[in-house]
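As structure tokens, one chain now follows by itself in the form predicted alone.
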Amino acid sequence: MDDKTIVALNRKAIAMGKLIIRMTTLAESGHPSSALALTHVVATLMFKQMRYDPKNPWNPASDRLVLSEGHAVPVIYAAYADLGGVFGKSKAEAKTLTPEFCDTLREIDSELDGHPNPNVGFHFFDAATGSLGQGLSAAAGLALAARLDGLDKRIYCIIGDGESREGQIWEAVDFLADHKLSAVTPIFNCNGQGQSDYTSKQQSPETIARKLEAYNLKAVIADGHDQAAIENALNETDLEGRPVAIVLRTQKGWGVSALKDKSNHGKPLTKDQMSAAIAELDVLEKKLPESDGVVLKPQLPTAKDCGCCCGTRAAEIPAALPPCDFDKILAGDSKLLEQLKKKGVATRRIYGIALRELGRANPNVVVLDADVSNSTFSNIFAKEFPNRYFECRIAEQNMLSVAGGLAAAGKIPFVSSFAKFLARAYDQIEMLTITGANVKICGSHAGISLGADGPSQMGVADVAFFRSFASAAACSTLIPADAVAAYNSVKLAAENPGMVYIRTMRPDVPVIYPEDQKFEIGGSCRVIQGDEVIFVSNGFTLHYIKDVVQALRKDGIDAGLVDAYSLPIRSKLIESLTADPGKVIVSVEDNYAGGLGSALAEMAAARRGAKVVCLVCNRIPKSGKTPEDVFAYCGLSRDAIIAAARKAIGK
């Protein structure tokens, strides 16, 4: 890099610093001190190093920048405004970011959120970040997608030193090494300050570098305010092909004395302080020599835009599964076909088979698992499509964020693990809903039907968690009760944009539905006609309740059964049942409260309608030799359910 270019980049860094101060002061919130520490590296990246077009952030061939240290986002807005980058929900709605528009930072109707958020229309970003530790995983997902698409692009990820204490960072570093993702460049911003105090010595530049080397990455330490040193570090390579990570020594609040103390994290300057801060930056600018004739602009991508928006390319190829025809689908496995017809098959196995069929129909489908693929049966997909299957090992948090990166690059990721183990990644899942990521999640071995393995393996809080997103239309949940429903659950998940959660079970269960049964998001099916008391259930519990219904009918009670296989409920059948004050509904589910029963009760209460009795797992479960043992232990024995139904109807 020549001297004039260095000077020009330094001028950009100072100009960005002034805009950072202004926008955070006017917003009366934000993190100017963190943003100022990154002005030099962001200037080098966005004005010189990266190959991208600020006028077209949707181009899938562009290099990408993931700001894992999301609170420092004003530095990106400042650079993007200088470049005249465009933003908006789509190309048709695109508008140019100006320095003046940066004054709207954090306003309710502004696309400039307080942390990176592509879902509001700022598509320079691929992932919502700010809940720390997740960005490097998203960068890994973007790199995997680029490899599948044959795109020569780089993905840069800026990580805070305090943030590097998060375990997910090191899950991601492991993943980079495992998959040899040298296209990803992690950049650690070591300014030595956290939110409340100085960082630990364990997060010093030297220690972080040693950790990276121990994880089989090459680490380069550089001065984060020296443009030439930054560029040299960014262009480092490794003879062994290892990913190269950069560790930058920076100063929090660079250039503004009022922001350098450790007590200034997340504190904007007042309007009275703003003038003095900008004056300090003016002094630094006057000390620089001229850089006449130097025009700074990013390099364009090496491949042309395909003409479609990044993150929606998968829609070009139909995601639909072929019709459910098990004679055809299982033609090569006569033993399994015979089992299906005689006694049934676990929904988790059909999930894996449906994934394989979906993989054959759509090359954008990818699958991730966390070392349980032989239990979730995602290994059926992996066997046929090894290049589209990504083993994430026992690191569920990393896995979910990697899936978000893949989705941002136009893939349709299906993520599989035990429902209980997915609980480790609930924060990551919520961040995916903020992003609006097209990620499908399967929680296997769900509910208390797991039996002997005990509560450490049972997902019993999952339905309530995923249902909680229903009010924001951020996630749909599917709980199939048999093979036909499980196959169609994969079909529905693939065809519906946005997050879908599929809950599968371990035990084999008989087939209930004909192969041509219709299913829909939010739908339900009447399994047994009856009006005196109507049971509503789903999944494994539906089979369990069938015996209860038959027992009541033998006693002369006209009991019915409805399969509410999807949440949120949009079924006209259930709407009419809950709206009728003459109906008695008993919901039974093999999980904690907050799921199906709560949804039914809310619907009935809003309409002043049916009486709803909610039966759920009423204590922490334990191991039992059979599902029936555990159901009885948790207050859901058949006798207990019958008694509750009789009480509800006064018999």
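Everything numeric in this text was worked out from a predicted model, so none of it was measured. Residue positions are given as counts along the sequence shown, with the first one as 1.
Another form, the form predicted in complex with another copy of the chain, is not on view; read the next lines as being about it.
*Give a yes or no on whether every one of 93, 241 and 484 sits within 4.5 angstroms of another copy of the chain in the predicted bound form by heavy atom.*
No, none of the three is in contact.
*Non-hydrogen atom contact residue 54 with another copy of the chain in the predicted bound form at 4.5 angstroms*: Flag for residue 54 set to no.
*asked:* Is residue 416 part of the interface with another copy of the chain in the predicted bound form - any heavy atom within 4.5 Å?
replied: Although another copy of the chain is absent here, residue 416 would stay clear of it in the predicted bound form, with no heavy atoms inside 4.5 Å.
*According to a 4.5 angstroms non-hydrogen atom cut-off, is residue 118 in contact with another copy of the chain in the predicted bound form?*
The answer is no: residue 118 has no heavy atom within 4.5 Å of another copy of the chain.
*Classify residue 177 as contacting or not contacting another copy of the chain in the predicted bound form by the rule of any non-hydrogen atom within 4.5 angstroms, answering yes or no.*
Residue-level check for residue 177: yes, a contact with another copy of the chain.
_At 4.5 Å between heavy atoms, only one of the stretches 431-439, 555-563, 233-241, 277-285 reaches another copy of the chain in the predicted bound form; which one is it?_
Of the options given, it is 431-439.
*Taking another copy of the chain in the predicted bound form as the reference, which of 220, 372, 183, 296 has a non-hydrogen atom within 4.5 Å?*
Residue within 4.5 Å of the partner: 372.
*Please pick, from 489, 134, 347, 537, the one residue with any non-hydrogen atom lying within 4.5 angstroms of another copy of the chain in the predicted bound form.*
None of the other options qualify; the answer is 134.
*Note that another copy of the chain is not shown here; using its position in the predicted bound form, name the residues of 22-59 with a heavy atom within 4.5 Å of it, in sequence order.*
Heavy-atom contacts to another copy of the chain in the predicted bound form: 26, 27, 29, 31.
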